[in-house]
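This document opens with one chain alone, in structure tokens, the form predicted alone.
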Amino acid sequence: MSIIKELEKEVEQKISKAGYKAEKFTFVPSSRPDLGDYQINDAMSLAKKYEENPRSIAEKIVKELEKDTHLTNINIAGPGFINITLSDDFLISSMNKILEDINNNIDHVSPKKIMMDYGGANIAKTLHVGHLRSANIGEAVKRLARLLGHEVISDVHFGDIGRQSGMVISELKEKYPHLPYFDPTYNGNYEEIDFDITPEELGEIYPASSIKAKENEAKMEEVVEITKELEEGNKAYVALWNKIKEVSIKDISAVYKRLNTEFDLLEGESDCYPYIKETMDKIEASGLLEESEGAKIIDVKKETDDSPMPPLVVIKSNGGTLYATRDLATIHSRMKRFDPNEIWYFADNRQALYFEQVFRTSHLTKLIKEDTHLEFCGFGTMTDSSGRPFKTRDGGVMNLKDLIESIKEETLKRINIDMVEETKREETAEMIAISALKYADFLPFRTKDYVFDPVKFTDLEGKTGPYLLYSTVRMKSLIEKVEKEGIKEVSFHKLKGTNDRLLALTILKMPMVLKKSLEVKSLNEIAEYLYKLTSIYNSFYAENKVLTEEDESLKSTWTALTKLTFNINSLLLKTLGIKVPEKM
């Protein structure tokens, strides 16, 4: 339990001693810092509950609060708003406890087992900017959930089956007709066929095949037939597709690694195939499956719906499976193998209706337990300065490798060549580039679209990832300089200036920020908090000469304050999936 949560419990007991029971009591950060650090607004709600004057209730509560040595400057404003200020002794003691163990500034949750589905890359296709937010947001929420105490199992859930597989194989058949995969008389081992394909070639094959299939009906018919045969287990096609998957997954994983994104499971849609029959048996047994124009559907409408809710198509009219069939089988598979309490899906906002249909079907057909929670976490689009989806100069969808490289080029211009060794400049530029991409991604609330400006977000000044990295590196440098003087142990002794106190108060707000971020599955609160904390520290740093301070107790306090701010920045940047370079 965090220090501020413990203090809230103390105050709640004081309110109880005054004769009142406050429901779900929490401090409210003061909107008037001149009156106090926090407000207690419960007298308003208690007045209704106990049918008393709120001012009278506030006065009784204040009498009890005045006995608490952790609080000072307790006053009542308006009809019953109680303002409290945390004493310097309490702040100093709190900072030392957090410096000793960062967990003293974290409110851990009652642990649940949570499966997270994010990434969603398609096999044989190049990762593009549309995949960025899923990777960034999903990875950071996973790290945050683990930090607060949940058990999390993450799955990339590759799109590894469906129309794109037929298109790629069809194009390879046209390009390399001599390959044994396309020889119906071949009786050898498909696994031993000497055939290599590069990620770059794969990146060209799918778009080429897609254009041909749209323009040529015969080509599309071949694609459909190949896709069907692959799903039915054609050995030649399965062996070829497995080779393609291996190359593609290795390439995609390398890009995810650059984004500091990693998964516990590298499974795809096809991994649910062994579970489709028993999934369909369970759905059939529910008695909810209906036939409509040859297809099988489930009506998921509710009387409370105030917008259209179409039925979910589970099986196509030709008997084939769809995304929905495979998503339902994947849910059944996850329940059977992992039995999670919750499953969270991170995908584009435009998929909200589809996931609602799948979730309702899962509940109605009892594919999940009654208390299993399924949640869709939609996100907005990254756009260019004109508000259109981020594209290349020729109008195509920009792939992630090219985007990262373009940002890296921009950051290389800003690296201090006197500070960073030549052999480490590429690595450092990469870290800064990823910080720029990620931090820009986290600043808006998850569901909002946002404009990405490469020049703006790589700036060392302003609300950017590089600004946070530069400031954090500078904090570390100051700590190392103090340690070189032989001072290894530092602690808080006294608070001198406004920024000393403001930093301490801001540090105590971290648990609330983390809790709220996890509740809404968005990182904007953490992104804003990091900027605020860092900006306050930089103001403190500008007005205090830490290294030359002659008052040893003050020098120790200021160094401790630097160390604690550095520790928090490092922890939260790591939670966001952002690495901090040694120098920049």
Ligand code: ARG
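No experiment lies behind these values; they were computed from the predicted model shown. Each residue number is its position in the shown sequence, starting from 1.
Not on display, but discussed next: the form predicted in complex with the named molecule.
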query: Stretch in contact in the model of the complex with the named molecule, which is absent here, among 157-165, 498-506, 291-299, 462-470 (heavy atoms within 4.5 Å); finding: 157-165
query: The named molecule contact in the model of the complex: G268, any heavy atom under 4.5 Å; finding: no
query: R360 within 4.5 Å of the named molecule in the model of the complex, heavy atoms; finding: no
query: Y345: touches the named molecule in the model of the complex, heavy atom cutoff 4.5 angstroms; finding: yes
query: Contact test in the model of the complex: D117 vs the named molecule, heavy atoms, 4.5 Å; finding: yes
query: Proximity to the named molecule in the model of the complex, single hit among Y450, F445, F355, Y176 (heavy atom within 4.5 Å); finding: F355
query: Contact assignment for the named molecule in the model of the complex, among T279, T227, N122, N399, heavy atom within 4.5 Å; finding: N122
query: Within 363-379, the residues that have a heavy atom no more than 4.5 Å from the named molecule in the model of the complex; finding: none
